Each structure stands twice: as structure tokens, then as C-alpha cells.
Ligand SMILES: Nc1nc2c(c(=O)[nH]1)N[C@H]1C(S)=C(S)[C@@H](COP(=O)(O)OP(=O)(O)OC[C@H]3O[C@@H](n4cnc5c(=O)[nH]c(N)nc54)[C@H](O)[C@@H]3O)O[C@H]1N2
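In the block that follows, a single chain appears as C-alpha cells, in the form predicted on its own.
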């Protein structure tokens, strides 16, 4: 592949990445990886589009900006934006294919209603809305106002989330509604709230390039967030990269130190590191005394986690523990990062707080290249955390706080009695509420519950018990739509306007650059239609469009840690290359050269959001794994990201022929060569993987990247969650997807097919 002076591939001494980078303006060299109108590549110079607009990508939480090239008003191609502070001209495979997934034969084009013969048949929007309201209102009349609920997503705009949350809670009388963000980042939300006093990831992506020590816990950054990994590779300081992960992932292979600990021993390991740092007096006493509380109690707690004990629990030897502690001590700018390997755990909150404790006790917070930094999953999970009106009242406020309810009611000019005085049940409690006959009607928006929820077979049975199930989605063929009584076709990314908030708290724009197919409508428009048919349209008369809602959210944020009152309008967001919260109107912000907003991190002044201004040390004894391997099910199942080309349940990425070619289409299971010999399994052989809850058929991939006694299956395949065990963190209620006992055997008969 040839390049000109304005292109370069992303290379590093630690290996290559899969991104492609434009370093100076639009590319003119064609990079063709797929024929067709939305190929992975560039518009040739002879076919330059008439116009170009920028917006953020709609896949992951990185929040890259893409240039959308238009011809006669139609989007014909895209390139990554060079002048955006997130991706700096880079894009991962999903970003390159963002347009192609809109053009799919199974896009929802009309509402569908299940008839008396059990078939979904096309209906108009009027009949769909009348049925929606009549059926849900009848359920409420028979079983009470709290007998209906919703499950939403981190992949619609912030303004849509806010309108949905206000419509359901203030207009329709619902109390319970949660988002699928519960599955990816609820642990971090609770950990930050308890430790810092607010859900406040403190970092900016620039910290990846300014650290001299980077600690990644349960994060395969190279695959899950390729552009963030590229930022690591751009680091000019030759940083130490420490990866804590049971698997030898792509990220672990590129690390300078890999701690291949036993699964779910990370809490003990982190306490062991704290023990060494305290014993050696490698802590920042001044920072601890000035800015934290609870350290003396924490010191007593970790005294029980001596190196020999931690080594026996974690499988990481004492010498390696000391090496990591020494590396942290010698680093001047140490950053700690975690993602799903920590979050999706039955003790995830305390594990995340053990990471936070390490940052606090060494003074590695509030400075460039430091921080206790949670990386989010979905493109707008951060918007969900602040403005979805689910378990938090709008703007990170509290449903149970009468003052907060009055304040929001005054801003929105509604009666405060319309606002529930308790937060919603969490996702798992809503599912359990169906099982206990408390929830009779459910509205699912932009998520594929029948695929993604833990212990899938039981989940299917529970969904089938509902009196009325409505699914609102881009595609009419998902596993959840197949169980629906009513399907509402929604527009996707690129077919509507609004904002997303990425992992580093940066608000970015998405724009309507394509028409949704058939009768599909933006989620925002569907919510407005429902308000009118339900009879509460007057309450939302001035929620006329996404930017009008954004202006309301600004006022609701006033005085909160996430204050965004200084953002004038959408045009300002675009002009400044996205804007990180907080951005209050009373603050002074100086744009960087090139019109880019400064990278801003939190807690530079050492002030946290608790009443005393201090961060808290929080801790707890580790707990036993709920389902350990045994003689009948001898292997521990791990799940996670498969390739950079797959995304969640593949509802979108499976629509791209290019992305399908970049990852295995058939489900596979990674197994260690030692275990494969014991089971008589050869690589590429069909095997059965079975737990107490279900079984699946997969291709065996024999590899030393998983330890003996462990197997790994990517989460993206539709059968993976037939195996997983429904257990949850007690504080965040986040599912623990990454530990359950299974057995693996060769396919023996037709019964195994």
C-alpha cells in the first residue's frame, strides 16, 4: 500500500494498530478495501464531494470526529477529522464503516403490530400510537401506575434520553426505567459517586500521552478502544505499560509488564500493592492529609494483604508485585485505567475504588498524565449517566431530594408532584419485577435485551411473560424485536441531530446527513408523538427540537459539578472541537490554537464533591466467586471484546461486509493447549461449551493466550449469554459477565448440533 506525504500508517515500537491516520487535510490517495458506495477509504481526487460536514462517531465512547463527504446533499463517504482533539485524524474499522450500516435490507421502515395469528404486520403510525397508549394505559388501570417500565440505551442522543426520561417519569406516571449502560459502566458511576461525591471521570485523553506509567486493569484497550490505544502509542515518554488481565490480550502482548492474575483476584492484588506502597513509605502523605479521608482505616485494612498472601491468592509472584509497586513509586505521572474487566464483576465497585485508592495515596490525580480513570463503553453512556432521568434525576440530581425535585420542576415549569420521589429500579430489578408479576408492560428502546442480558434462556422466558412488549429500534430483525407485540422503527446515527458525551466528558455533535428509510422516525419524534397521543403533549410543548432540549439541560445543570451553562449553542460546540464539562458561564476558557478547546481534567485544585471537599478511601474484604469451576464444570468462562470490528450484539456491525471479514463470523472458544490435550480437542474442531444454564456449539481456538483452566468466548455472538450466570455487584447492580463454570467437549452426535 503506497502513501503520499499527507498520509501515514500508525506504527510504533510496540507494534502496529489498525487505525489509519490523515495528518494534513483531506486525503487524496484512494485506500480501497471494499467496493461500493461506502467503502473503507477515501474519495478519489477526481470524485471530490460538493461539501463536507463533521460529526462524532456513533459506535464507542471514544467520540471520534468524522468528516462526512456530501454530493448533492447525499452522504457518499467519510474520513476521520484531522483537527479534532479526540482522534487527531484517526479512525478504527467501525468508524470507517459508520455509513454502510445505515444501508441495510432489514432496517425498520414501518411500525409492526402482532396480529391475532401471532404475526407482525405493518400498520401506520396512528394505529401504532393508539395501540401503544391504549395497551399501556389499560395495564396501569388494572395493575397500578408502576406496572409498566422502560429499558433504554447509551446510543441515542442526550436530548432524546432526557425527553424519554421526562416523558415517562413526569408525563406517563412510570417510576421504573433504566438503560443498557447498566451493563457496561454502572460500577464506575457508583465508585466515583462514593469516592468523589459525584460521577466524575477526571481525565482527558491527553493523559495517555503525558503519563510515564500507564496501568490498565481489565482493559484490552488495543481492541476495545483502538484510538485510545493509538494515543498511548503516541506517548513520547516511552512509558511503562502495566496490564492486569488473566488473558494475554493484544494489549498485554504490547505491555512492558503483564500481571496474568487469577480471575477475580484483582481486589486482593490491588490491596497487596497498596500494602507494599504503605510499608515502603512510597505514598504522598501531604496529599492524603490535605485532600482525603479514611486513610488510616484503609491502612489497617490492607495490612492483612501481605505479599506472600496476595501471591498465593492471585498467582502473581512476590517479585512481580514488588516490581509493579516500585514502578508506580518511581513514576512521576502515573495513570490508572479500567474498563469492563473491572466493571462487570460481582465486586466491581470495591475493585474500582481500590484503583482509585492507589491514585489518591500516591497523589496521582489532578495532574497531567495521572488519574483514576474509567473508560466507558457506548457512544453516549456518559450522556445517560447525567441526563437520562433513570436512576438519577436530570443533571446528576437525586429523585429522593425534595429540593432537587423542586428545582427541576421550576426549571421545566411543571408540578413537582409529577416527579417520582425515588430512583428507578435497576435493569436487573426490572427484569426480576416481570418475573414477580410486578411489571406487566415493557418498552425497550435501542437495545437488544434478548441477546445481551445475562443468562439468556431465562431472560427469554421472562420477556415472554409480559402482557405487552414494545421494541423501538433501527432494525426489525433483532432477537428482541422477534418477541415484540409492537415494533416502532427508529432513525439511527446520521439520520438525526443531537449531542453525545464521550468518556473524557466531551460533548460532541451528531447531525442528520441522511434520511431514515420508509416511515422510520428519530427517537425524539417518536417520543413527541407518544406524548401527544398519551395526553401529556402540553407538558412538552416547548421541547420542540433537540437544541431546545439542550438549552433546558443547560439550566438544569446550573450549579452542578456537570454545569454546562457556558455552552452557548450547538454552533459553539462544533467551533471548539467539542467541549468538556464542566463549562459554566462563570468560568473562563481560552481556546487553543486551531480553535480547539483546552484539554481539561478535574480535581486540579484537590477539591472533591463531598461536603468536606475530600475524596474517600473505601474498601471491603474480597468475596468468594459465586460459581467456581468444579469436577463437572471444570473451566472458568471469561467473556469480552473479540475484535475491533465487532460491536456489542453486532446489531449494526453485522450489516457491514467489510467488518464481517475482519472478525470470525462463527462463534469460537479460546482454550489453552494443555486443556485441549486433556479434552482431545484440536484447533478449528467443533466443540460444545456447556454451563448449568445452557450450551452452545463453537469452533475451538487452541491458544496459550488463555491460562489453563480458563476459556474465553467473545460477547458479541448471540449464543454467548446462554452460558452466563445472573449475579450482580451489590452496589451498582451491574451484571458479572466474566465468571461462570463451564465444560468443553467434542461434538459427539447429532444431538450436539
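Quick caveat: nothing in here was measured; it's all calculated off a predicted structure. Residue numbers count along the first chain shown, from 1.
Here the subject shifts to the form predicted together with the named molecule, a form of this protein not shown in this document.
Heavy atoms within 4.5 Å of the named molecule in the predicted complex are found in one stretch of 557-565, 183-191, 616-624, 601-609, which is 183-191. Looking at residue 55, you'd find every heavy atom of it more than 4.5 angstroms from the named molecule in the predicted complex.
At least one heavy atom of residue 245 is located within 4.5 Å of the named molecule in the predicted complex. In the predicted complex, the named molecule stays beyond 4.5 Å of every heavy atom belonging to residue 424. At least one heavy atom of residue 155 is located within 4.5 Å of the named molecule in the predicted complex. This chain lacks the partner; the member of 230, 364, 639, 204 within 4.5 angstroms of the named molecule in the predicted complex by a non-hydrogen atom is 639.
This chain is drawn without the named molecule; in the predicted complex, the residue among 85, 89, 446, 420 with a heavy atom within 4.5 Å of it is 446. Looking at the named molecule in the predicted complex, residues 225, 377 and 492 each place a heavy atom within 4.5 Å of it. In the predicted complex, no residue of 660-684 lies within 4.5 Å of the named molecule by any heavy atom.
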